[in-house]
Every structure is written in structure tokens, then in C-alpha cells.
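Shown next as C-alpha cells: one chain only, the form predicted alone.
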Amino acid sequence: MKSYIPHYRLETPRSLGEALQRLASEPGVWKPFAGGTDLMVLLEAGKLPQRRFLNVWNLPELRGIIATRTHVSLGALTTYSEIRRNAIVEQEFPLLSRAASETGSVATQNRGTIGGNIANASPAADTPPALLVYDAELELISAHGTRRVAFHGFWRGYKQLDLRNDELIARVHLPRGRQNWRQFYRKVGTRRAQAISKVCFAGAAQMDARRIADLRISLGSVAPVVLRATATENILRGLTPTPALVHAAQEALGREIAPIDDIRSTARYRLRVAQNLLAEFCESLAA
């Protein structure tokens, strides 16, 4: 059953300040509308409960990729296509570039935004595993000012965010300096293109000869939120990846994730694939 369009209202604020004032004056009434790639699917299916939207697509303060000495900052309205085409992102944050290139169709990549991907809070989202690996920070803005929060912990539960009703995601900040880490990204879906992931794995490690000096591991579609596998990291950190160590890490990963049976896959399949991808990541480090 499709939605009845006259029941919905979309307004375009003239400035960022006007948008923030509207969110502050009527908290919870208005929802930001950017690329709309997720919301339009719900609208078409008749499952979009929110009725009032603020079109933030044309706000320049939420756009642009800016590089400083210490960070690369992406505006919340940065599209997947812009991420793919940016040379600094491709060189220093290849997992994010890869995730953007594997998200949806070309039309979705031209319209979908990184801020929307975060705010939609889907555990199957493609860019969040990369953002967790890169220790991303989010800049949140409201009529009362700005605050920064770590992306690790921003998702408190399924569709639950550390984001007030009067706040917008303004920018995503990525610390520089990991281009020499070995990096690994795999999205497993029903097909190679335009598929929602069954399991998404992102990993990066700093090697000292054959020893794992430091690392980050993140997975999507295996828990209510995209998660950092910190217990698994702790087993591997500081050691050389031997078969016995990899097996112990796989067992730890099995205890950290909580896959479910759904229309796309089974919990058993997701568990096995996640553990296999961890082994593949470790093998790439050993090589």
C-alpha cells in the first residue's frame, strides 16, 4: 500500500540557522530530508511514519570535503559519488571509498549522503564499518551550538542515536595518519552489486614486522548496530597471527556478534561468514 502524498509536508529552509530554529521550536515534529534514498523507499511502501520534513539538501555548511594537517572532514551532505571521486579519501581512507562504491546503484550514489547513512542507523549500512575502523568523530549542530561525539557509541541500539531532536549531523571528522596500515573490506550480499549486505567486514592493522602492533575490526549486519569487535581486537593485538591465534580470535568474534535469521540470510550463515572474513583478514596480515 502506497502512502497518501497530501498527508506529508516538505519545507525548504532558506538557511542553516532557519533549519536549526525550526528543529528547536518544534522538537520531534520535523525530520531532516537530504538525499531521501532511504525515506523514499519507506514512502513508496506506505511505511513512512514521519509526516513533516525539512529539506536540507541545499545547505552549503553541510557540504564539502576539507583536509587539514590532522583530519579530513566530510560534510554530512557529501554523497557516495563525491567520496569515491576524492583523491585524499581514496588514498588515506580506502575502506570508506570502497564502501561508497559498493552502496546501491549509481543513482543512489549520486544522491545518498554519508550523514543520511549514519542517521538512518541501519545495522546493514555500508559506510559505518569503515567509519568505526577510522575512529571517526561526528560534529553535531543545533541552535544552541555544536558538540563532537565519537562515532563508536553514537548508535546506542537499533535505530537509537545519541542525537537530540533539535540536532543535525553537520560533519564527519576522520583522523589522518593510517595510510600505512594494512586495510581490508568485504561486503557479502546476494549479488555483487546493488545488494543489502548479509555481512560487512572492515579491518585495518598496523604491523611491526609480522606482529600486529595495533588494529581495528568492525562488522555490519551481525548485530542490532554496526559494531567494533574490541574483544577480538584485544586477542590479536601485539601478537603474530598464527593459525592457533586466528582460531581463538574467531571464537571470540562468535561471542561478540549476535546475528539473526531474516529474509536475507540466516544467523548460522552470518556467523560462519564473519569468522571466515576475520581469518581472511588475518591471512592478509601474515602475508
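Keep in mind that this is a model prediction, so the values were computed, not measured. One rule holds for the numbers: they count along the sequence shown, beginning at 1.
Absent from the display: the form predicted in complex with a small molecule. The rest refers to it.
K.L.:
Pick the stretch from 214-222, 25-33, 251-259, 238-246 whose residues have a heavy atom within 4.5 Å of the small molecule in the model of the complex.
P.N.:
In the other structure, the partner sits against 25-33.
K.L.:
Just to confirm, with a 4.5 Å cut-off on non-hydrogen atoms, which of 125, 136, 205, 83 contacts the small molecule in the model of the complex?
P.N.:
Spelling it out, the residue with a heavy atom inside the cut-off is 125.
K.L.:
Scan 186, 182, 111, 173 and let me know which has any heavy atom within 4.5 Å of the small molecule in the model of the complex.
P.N.:
Looking at the other structure, the residue within range turns out to be 111.
K.L.:
Residue 117 versus the small molecule, in the model of the complex: is there a non-hydrogen atom within 4.5 Å?
P.N.:
Contact check for residue 117: yes, within 4.5 Å of the small molecule in the model of the complex.
K.L.:
Using heavy atoms and a 4.5 Å limit, would one call residue 76 a contact residue for the small molecule in the model of the complex?
P.N.:
It does: once the small molecule is placed as it appears in the model of the complex, residue 76 has a heavy atom within 4.5 Å of it.
K.L.:
Can residue 41 be called a contact residue for the small molecule in the model of the complex at 4.5 Å between heavy atoms?
P.N.:
The answer is yes: residue 41 has a heavy atom within 4.5 Å of the small molecule.
K.L.:
Would residue 169 show up as a contact with the small molecule in the model of the complex if we use heavy atoms at 4.5 Å?
P.N.:
Although the small molecule is absent here, residue 169 would touch it in the model of the complex, with heavy atoms inside 4.5 Å.
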